[in-house]
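Presented as structure tokens, the chain that follows is alone, the form predicted on its own.
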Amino acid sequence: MELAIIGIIVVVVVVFIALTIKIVPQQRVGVVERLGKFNRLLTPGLNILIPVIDQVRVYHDLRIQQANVPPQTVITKDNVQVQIDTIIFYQVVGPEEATYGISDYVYGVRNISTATMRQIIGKLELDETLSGREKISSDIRLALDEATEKWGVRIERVEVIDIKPPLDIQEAMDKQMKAERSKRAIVLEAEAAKQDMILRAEGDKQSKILKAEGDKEARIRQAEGLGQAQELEALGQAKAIEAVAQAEKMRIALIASAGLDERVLAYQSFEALTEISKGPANKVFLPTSAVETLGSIGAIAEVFKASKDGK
């Protein structure tokens, strides 16, 4: 009997402790109600409650969580049915609002996401839908932010995972894509051929220009060399003439300084005529000046004769 009483006491103590002490893990928070009314939040660590009076209504995970939205079939502006898969990342930032603002905020987020997605896709054509994932995600996130602000939930990110058009549309798109790729390949080949021709023409043009410039430079150099050579040759001739003139001037000066007069010159002229007469010609034509010179020969002979007589 005593053991039973002790056992009951132990159980009561354990239950009392379990109802009194609450240990909350990190990044979790508990909503405490006292007599059915919100009292406070249980923060991470050790918390003390009043048994029976205080009760933990719910625990919230404060980490970023994700919620998959089931694939939705929506109709685009051009009446094409597409199936869209999305995933939503959210975080509880207001545990009290998340508890009392809505019964199930995850369910609410999914429903709002689905309704918003239908509205957005209904305004877009198929091509815009397939190429506008980022815009669709952004619009859904903005719509969810407005709705979930009073729920104590913040939408971190919305991702459109996949957009699936009907099979016949996919086949048509595949054919169109192949045709576009073939067209692009043909255009690229034509562009490559065009670039090749342009580059070759440019290269040939540059080659001819460089060759013409080289020939021009060579001719200029040759002309400059020829001009310099002629200039140097003229300078050499001028110097030679100047030297000859100087030598002649010096010779005349020497003759003059030697005291040679007209009679000596006349005698030398006579000697020169004597040498000329020894040539093969049997006739010698004498210029008037020579005759005058010969006329003076007699005077010269008289000079020499006078000189001999004077001995």
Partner chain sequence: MVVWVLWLIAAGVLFVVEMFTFTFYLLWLSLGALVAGLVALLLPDALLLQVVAGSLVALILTVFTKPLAARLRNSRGFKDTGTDIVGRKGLVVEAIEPGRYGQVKVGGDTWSATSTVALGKDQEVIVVRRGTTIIEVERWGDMY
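Residue numbers count along the first chain shown, from 1. Remember, it's a predicted structure, so these values are computed and weren't measured experimentally.
Not on display, but discussed next: the form predicted together with its partner chain.
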Is it true that L3, I6 and T43, all three, sit within 4.5 Å of its partner chain in the predicted bound form, judged by heavy atoms? yes
Residue (of I48, V52, V58, A258) lying close to its partner chain in the predicted bound form, criterion heavy atoms within 4.5 Å: I48
May I ask you to choose, among R110, R118, R133, R154, the residue with a heavy atom within 4.5 Å of its partner chain in the predicted bound form? R154
Interface membership of E125, its partner chain in the predicted bound form, 4.5 Å heavy atom rule: no
Given that the partner is absent here, does R141 sit within 4.5 Å of its partner chain in the predicted bound form, heavy atoms only? yes
Consider Q91 of the chain shown here, and say whether it contacts its partner chain in the predicted bound form, taking contact as heavy atoms within 4.5 Å. yes
So, Q26 and its partner chain: in the predicted bound form, are they within 4.5 Å at any heavy atom pair? yes
Choose one stretch from 208-216, 161-169, 185-193, 133-141: the one whose residues place a heavy atom within 4.5 angstroms of its partner chain in the predicted bound form. 133-141
Select from 5-23 the residues with a non-hydrogen atom within 4.5 Å of its partner chain in the predicted bound form and write them out in sequence order. I5, I6, I9, V10, V13, V14, F16, I17, A18, T20, I21, I23
